[in-house]
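Next up is one chain by itself, shown in structure tokens, the form predicted on its own.
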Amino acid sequence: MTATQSRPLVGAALNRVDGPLKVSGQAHYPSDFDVPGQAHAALVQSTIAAGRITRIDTSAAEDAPGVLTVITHLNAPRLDRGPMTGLGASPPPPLQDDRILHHGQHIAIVVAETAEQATDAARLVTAEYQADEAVLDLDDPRAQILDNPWGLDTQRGDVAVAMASAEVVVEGTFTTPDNTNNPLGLFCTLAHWDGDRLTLHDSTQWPSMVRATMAQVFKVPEDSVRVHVPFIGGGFGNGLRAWPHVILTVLAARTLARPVKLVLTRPQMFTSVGHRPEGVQHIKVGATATGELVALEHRSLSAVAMEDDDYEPLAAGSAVAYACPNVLTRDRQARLNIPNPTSMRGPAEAQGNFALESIIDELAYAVGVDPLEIRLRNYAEINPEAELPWSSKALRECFEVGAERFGWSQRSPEPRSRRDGDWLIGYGVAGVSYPWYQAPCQARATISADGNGYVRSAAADLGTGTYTVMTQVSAESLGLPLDRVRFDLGDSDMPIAPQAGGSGLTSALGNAVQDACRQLLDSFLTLVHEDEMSPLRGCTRADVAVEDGRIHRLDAPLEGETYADILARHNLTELTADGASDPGKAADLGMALAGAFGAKFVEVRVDADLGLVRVTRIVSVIDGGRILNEKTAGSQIVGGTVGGIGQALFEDTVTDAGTGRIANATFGDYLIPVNGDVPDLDVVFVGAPDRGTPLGTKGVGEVGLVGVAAAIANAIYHATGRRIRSLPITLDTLL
């Protein structure tokens, strides 16, 4: 038997264990770290989007007060590209030649004694260019098209024949713009070399990846690189790559043989650490006269940088969202002169779901069926692509519970049929099926001489609650009170962990932590297996339980001893065990591994004369498997929902068509939701623990955002009778 607790800790809505550090200012983010003797860096960026540098003059900068060095492509060493990861390779290393591939590309790094001196000197670097005509539009015939770049295109049945025979056909083209992640914390890197040993403080969601990348780029052993990130300050996906500015900071530190710190400016955040790429999707569905799907075709084209391999299959999720016998999905990318895109919360699914759930809504109106009912009629009881039962799926319950809480039965069927003075009122719904993801992970657990537990892994906590839920899992697995367990992360010297992204870390890390704690209990039982003084002699894990740090026999609860007693008797100061999770093992279970599911219900009000949109209610019902902490999980859904409101109504990274310059790269110009734009948000969790993972969890980091844009767009149609197929939905589109 595993360790037990008289009061279950996993699942309890506990406050964040790191909360006191954050509210007291003791949580150290990358920009909070300083080391003796550090210098400061500033970047110089290109002012064209395509072409070559014909001349770069650094002399004035080099003569400026406090300047220590200026590095350009003329004096930078040759660097290798980082290793391939599950999200593709890191971007190409900077300053390797004179080519310009996007506006804002780093063309020099200036290092000085102070940040102010470096910033001033960076303005003195001048560059002359031979400019080429930039490729900036998806429909530019000069754009190189990558067809099925990830090998995820799907086809089952005969879509053409089925579509031709369908009684009802609905189709549309949907566009989504560039969005920029924009975490509150500016990304920062502090690099310090000690011989061939490198220490980094970096804004990353993946310390182990940054470690591997720096080792390969700078040709040093991985174990000589250490990456620290105890707290990040937000990420939303843009901390999932080792960006060029990180490499430049490490290069500058090595060049000067002293620590160097670089903090990006807000405008540089728009060009240096990724964004959600724009996309165009054409989707077509055929159905019976009563709304049963017979064919679905979903094609997408999204943007990617000139020498990058960002992963963004917009259409892929449509292959398994509904029970449909004939399905075709195709994803393509167009190479443009843009900054490198990256994952942004709900990557690919956020855009793809907008198109899919909008067209399903259109189909409902075309056949005269309630939009909720048409989703239930086409419910996929099994995974339609794998033809296997889901490891868990409570989407039907999400719809049913959500409809009851929202009051969907009060909805009037006809668009533009409900009004309150100048305001048109509309209801919208969207279903969500976010894909399963999990990567291998390792963890280490220790019990010290005082009987307290210490568990760690090289993961990162974006603010999602990883510190808290892993402390809960550790404490319950070790049979210790919460205040006697410490969980640590954010250090690449700890056991290797995957990224905090893709809604996969909780399962991967939780399973590894649980395994490490179980292995540690086994180690204690092995220690006393032949111990004549121990009441636990000869016991295995199946024979015991642990409560309050005391291992006792199941058949005789009074017979047992504490962790501390065992260590003391064997003259040990601590005992440690390693654990791991391996997602490959789940493939043998004869089921389709399921990610999170959800249903989003939205009420909007639209001013009939002015086109103003107000979101007045949102109900999110989520199947996230076993919820480790309802408070932190609920916070994830709330945060994701706010991001979904932003995607639907506000966010649009505008690139100047003539120059390739991002025209709204500040918080004053890039619109995001504020308090007045966000109503009270109702979040409910349903479903059972997932059968495909030992801990029973499914990630909820992305599912909160996905589906919100479609539900808002569908509600706007119900309110106004106007179908909007392009995001963001602004008042001019409703006038």
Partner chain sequence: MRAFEYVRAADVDAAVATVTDDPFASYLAGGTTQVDLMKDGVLAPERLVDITRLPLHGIEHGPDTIHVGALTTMEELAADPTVVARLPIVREALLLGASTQLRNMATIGGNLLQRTRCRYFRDPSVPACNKRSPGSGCAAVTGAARMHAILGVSDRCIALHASDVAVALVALNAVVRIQGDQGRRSVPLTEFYLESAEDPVAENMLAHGELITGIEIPLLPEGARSGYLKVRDRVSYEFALVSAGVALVIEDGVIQDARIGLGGVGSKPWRARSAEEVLIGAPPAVETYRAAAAAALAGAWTVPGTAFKVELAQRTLVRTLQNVTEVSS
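This structure is a prediction, so every number in the text was calculated from the model and none was measured. Numbering follows the first chain given and starts at 1.
This next part talks about the form predicted in complex with its partner chain, which is not shown.
Report task. Can you check 331-339, 654-662, 295-303, 523-531 and let me know which stretch has heavy atoms within 4.5 Å of its partner chain in the predicted complex? Result -> Among the listed stretches, the partner-contacting one is 654-662.
Query raised in the report: in the predicted complex, does Arg569 have a heavy atom within 4.5 Å of its partner chain?
Result: Judged by the heavy-atom cut-off of 4.5 Å, Arg569 is well away from its partner chain in the predicted complex.
Query - Distance check, Pro689 to its partner chain in the predicted complex, heavy atom within 4.5 Å - result: Pro689 lies outside the contact set for its partner chain.
Query raised in the report: Does Thr47 reach its partner chain in the predicted complex, with heavy atoms at most 4.5 Å apart?
Result: It does: once its partner chain is placed as it appears in the predicted complex, Thr47 has a heavy atom within 4.5 Å of it.
**Report entry** its partner chain contact in the predicted complex: Asp57, any heavy atom under 4.5 Å
**Finding:** Taking the distances in the predicted complex, the answer for Asp57 is no, it never comes within 4.5 Å of its partner chain.
Query - Candidate from Ala323, Leu612, Leu152, Val168 lying within 4.5 Å of its partner chain in the predicted complex - any heavy atom - result: When its partner chain is considered in the predicted complex, the option within 4.5 Å is Leu612.
Query raised in the report: Check Asp370, Phe406 and Glu414: does every one of them have a heavy atom within 4.5 Å of its partner chain in the predicted complex?
Result: Heavy-atom distance to its partner chain in the predicted complex: none of the three under 4.5 Å.
Query raised in the report: Using a 4.5 Å cut-off on heavy atoms, what residues in 715-735 are near its partner chain in the predicted complex?
Result: Stretch hits, in order: Thr730, Leu731, Asp732, Leu735.
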